[in-house]
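Quick setup: one chain, the form predicted on its own, written in structure tokens, and binding and motion questions come after.
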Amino acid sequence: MSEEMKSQESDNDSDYDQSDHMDDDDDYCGYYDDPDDLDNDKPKKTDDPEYFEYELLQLEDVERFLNEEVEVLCSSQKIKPSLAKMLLHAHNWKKEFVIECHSKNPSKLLVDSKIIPKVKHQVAREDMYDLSCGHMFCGECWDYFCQVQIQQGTTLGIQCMANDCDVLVPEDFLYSVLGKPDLREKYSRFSFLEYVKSHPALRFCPGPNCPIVVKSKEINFKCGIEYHAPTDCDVIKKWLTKCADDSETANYISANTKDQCSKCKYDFCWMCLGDWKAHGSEYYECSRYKENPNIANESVHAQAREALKKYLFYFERWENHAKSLKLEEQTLHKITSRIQDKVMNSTGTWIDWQYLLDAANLLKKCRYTLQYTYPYAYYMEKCARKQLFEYQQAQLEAEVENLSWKVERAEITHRGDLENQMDIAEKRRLTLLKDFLDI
């Protein structure tokens, strides 16, 4: 091991003064005094609010798992596999619910699931084909209709050809009228993908062209959007919709109200663009939006301006952290490249410098969580819980920026100091998630 590494390791026990970064707010001054908090070792996986049990499945394993689900329903209710698949898909694979409803009133369940109609049309002819609704069409028409639907990407949602009839086409009926083998194979492949997407415990790996399916053992997957803790699914959908609707307004105002000098050495806060010296003890107080307490008594126009001001406050911070994540991705690549050079020059091994990569990855992780605290805060009602959330958010903000500063200067920062800051930042992040993440 190099002398440089030995020197860094000798400083692992150096103390870190947290008092410089604690808020003066008396309401929460003892919040982190619990002996189970910052002074402990790194948290175990079972203590992580984001941790859950899962297994990775190959496609044949997923097919086996889905077939087992179908078989349970078939055996219990004495129905065909094609009908069992339709019922499970229509009700998000809730076997117990489907079994209970089918046992009580099978006709109502089949009507609610769009498998049979409320009223059947009786027009029987030997050379015609019909679904449970009774609408008759020739085999050639059914074949052509199903071909068009499959080519357009519709599989499990194919409905009867009759106007205003929403009865679904069963799998076995479709196979009986579909003439082209290649389209049968395409239907089988697409319908399998739909079954996986509709199952609450299954998700395809988001990696490009990755065939692995993740199966959760404890919780159900929900919205399918990128991970967004601590913001819940309904809130993040509202936020993303609002950002899409108001993005032009936000971008215009942001572009025309900010001025900064690229030449002088003026120190400013990148969050609020205010004088850094003016922050004083109110360290990262600018991450907290100060609402007008009398806004309810103002005019409609004033309320509209206040609403826009509030949205821009949170949107700008959301965007700033998104931009920082891109910069930190570049920092990670630079660190990786420098480590490769060091290893090639026999200045330590990959294991010796792994802590630098760990620090860069943790910074991205903390920054990502911090970005998603802003939609959460935007929709929170003003109350004591929001004050606590904003306090923890400000603490995390401060430690993330401290970590960012050290990561950018990782090679000249003592290893012990950097690892200590990593530990503090991660525990701030986990504390916030434990208190506000709803699983």
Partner chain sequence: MAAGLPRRIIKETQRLMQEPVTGIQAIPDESNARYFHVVVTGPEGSPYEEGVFKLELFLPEEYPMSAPKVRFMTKIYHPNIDKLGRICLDILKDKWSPALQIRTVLLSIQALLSAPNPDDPLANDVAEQWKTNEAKAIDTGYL
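Residue numbers count along the first chain shown, from 1. What you are looking at is a predicted structure, and each value in this text was computed from that prediction instead of being measured. Throughout, rigid core stands for the largest set of C-alpha atoms superposing within 1.5 Å between the two forms.
What comes next is about the form predicted in complex with the partner chain, which does not appear here.
Of the listed positions (Ile225, Ile99, Ala307, Cys141), a single one reaches within 4.5 angstroms of the partner chain by any non-hydrogen atom in the predicted bound form, namely Cys141. The contact with the partner chain in the predicted bound form, taken as any heavy atom within 4.5 Å, belongs to Phe145 out of Tyr314, Tyr129, Tyr355, Phe145. Of the candidate stretches 228 to 236, 346 to 354, 146 to 154, 187 to 195, only 146 to 154 contains residues with a heavy atom within 4.5 Å of the partner chain in the predicted bound form.
Contact annotation for Asn163: at least one heavy atom lies within 4.5 Å of the partner chain in the predicted bound form. The two forms, fitted on the rigid core, differ between this form and the one not shown by less than 2 Å at the CA of Lys95. Core-superposed comparison between this form and the one not shown: the CA of Ile335 stays below a 2 Å shift. Once both forms are overlaid on the rigid core, the distance between the two CA positions of Tyr355 between this form and the one not shown is under 2 angstroms.
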